[in-house]
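Before any questions on binding or motion, here is one chain by itself as structure tokens, the form predicted alone.
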Amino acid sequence: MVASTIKTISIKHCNFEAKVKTAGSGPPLVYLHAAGGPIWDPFVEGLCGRYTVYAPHHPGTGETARDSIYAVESLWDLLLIYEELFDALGLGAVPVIGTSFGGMMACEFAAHRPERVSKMVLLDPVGLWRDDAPVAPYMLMPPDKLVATLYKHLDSPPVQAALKMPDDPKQVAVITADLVWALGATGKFVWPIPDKGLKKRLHRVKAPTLIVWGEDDALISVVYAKEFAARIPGARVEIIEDCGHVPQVERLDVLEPLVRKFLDA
């Protein structure tokens, strides 16, 4: 594994003590995690071979204080935290990759501060809503149903590796509790439906954008790929066949070259 560090950064807005996992070498890149909390998977590891990756932990998740989420009352608060975090890290215009909930936050930040995002990659992002294709209520699902909704091929080796739990029951309990808390901490900004007006702001995005979607995503229908693309000027869509909501796990072999080619262009 790539050697990493956790940076602690004091953010004045909401008196938030940010935690940012950092690894790699090369130009900077920001990675925004999904609703279930920060995961350092092979996709992120691969990015570290070419970039210095900054992966902030959403308030209340990962290494941040759990109760920090209470002070972050609105989506506006969260955006200002990210803005101060970019400033503290000395980041100018950088590539941003966001997956699921992180994809929504990437869009919000790119719409709020378009000059700070040089390129954007969205992996099955949440943030829009269609009555004819409702986003699955993932926060209400028991763990087994949630897993079955996230992945198309539960028996595949990459998925099994991603889902593997430690042998110690106490560690399993901690991981489960962390997941539940993370879903609540992020769900605060998408509940009861993830439409918080993003569709009215996406036209402000200036960064070249790649939208990647699993064709068989049971959490957020693939129809949303076109919804995002229709609102982000010049956005490009890539649909990965035989894949669920987490292409960076199920189809890393397809996703990795797509992202590399887009970022290199």
Partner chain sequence: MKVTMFHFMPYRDLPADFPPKGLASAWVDTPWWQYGDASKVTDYYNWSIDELMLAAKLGFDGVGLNEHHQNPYGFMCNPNLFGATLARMTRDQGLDHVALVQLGATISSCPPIRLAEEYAVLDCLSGGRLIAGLPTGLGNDVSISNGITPMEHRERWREGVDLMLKAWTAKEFFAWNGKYNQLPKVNLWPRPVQEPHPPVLIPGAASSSTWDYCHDRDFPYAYLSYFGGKSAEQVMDRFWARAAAKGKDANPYRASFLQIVGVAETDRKAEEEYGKHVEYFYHKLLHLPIGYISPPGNADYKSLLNIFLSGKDLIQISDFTVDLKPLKAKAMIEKEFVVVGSPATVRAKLEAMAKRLNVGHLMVALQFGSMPHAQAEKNIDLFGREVLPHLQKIWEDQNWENHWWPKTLRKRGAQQRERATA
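Note that this is a predicted model, so its numbers are computed, not measured. Positions refer to the first chain, counted from 1.
Beyond the structure shown, there is the form predicted together with the partner chain, which is absent from this document and is the topic of what follows.
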**Listed residue (199, 50, 226, 66) with a non-hydrogen atom within 4.5 angstroms of the partner chain in the predicted complex** = 66
**Request:** Answer with one of 93, 177, 147, 88: the residue that has a non-hydrogen atom within 4.5 Å of the partner chain in the predicted complex.
**Result:** 177
**Asked** With the cut-off set at 4.5 Å between non-hydrogen atoms, does residue 116 touch the partner chain in the predicted complex?
**Response** no
**Item:** is_contact(residue 195, the partner chain) in the predicted complex, heavy atom dist at most 4.5 Å
**Value:** no
**Item:** residue 173 within 4.5 Å of the partner chain in the predicted complex, heavy atoms
**Value:** yes
**Request:** Using the partner position in the predicted complex, report whether residue 184 sits within 4.5 Å of the partner chain, counting heavy atoms only.
**Result:** yes
**Item:** Interface segment, criterion being heavy atoms within 4.5 Å of the partner chain in the predicted complex, picked from 185-193, 147-155, 93-101, 123-131
**Value:** 185-193
**Asked** Which residues, if any, of 110-144 lie within 4.5 Å of the partner chain in the predicted complex when only heavy atoms count?
**Response** 139, 140
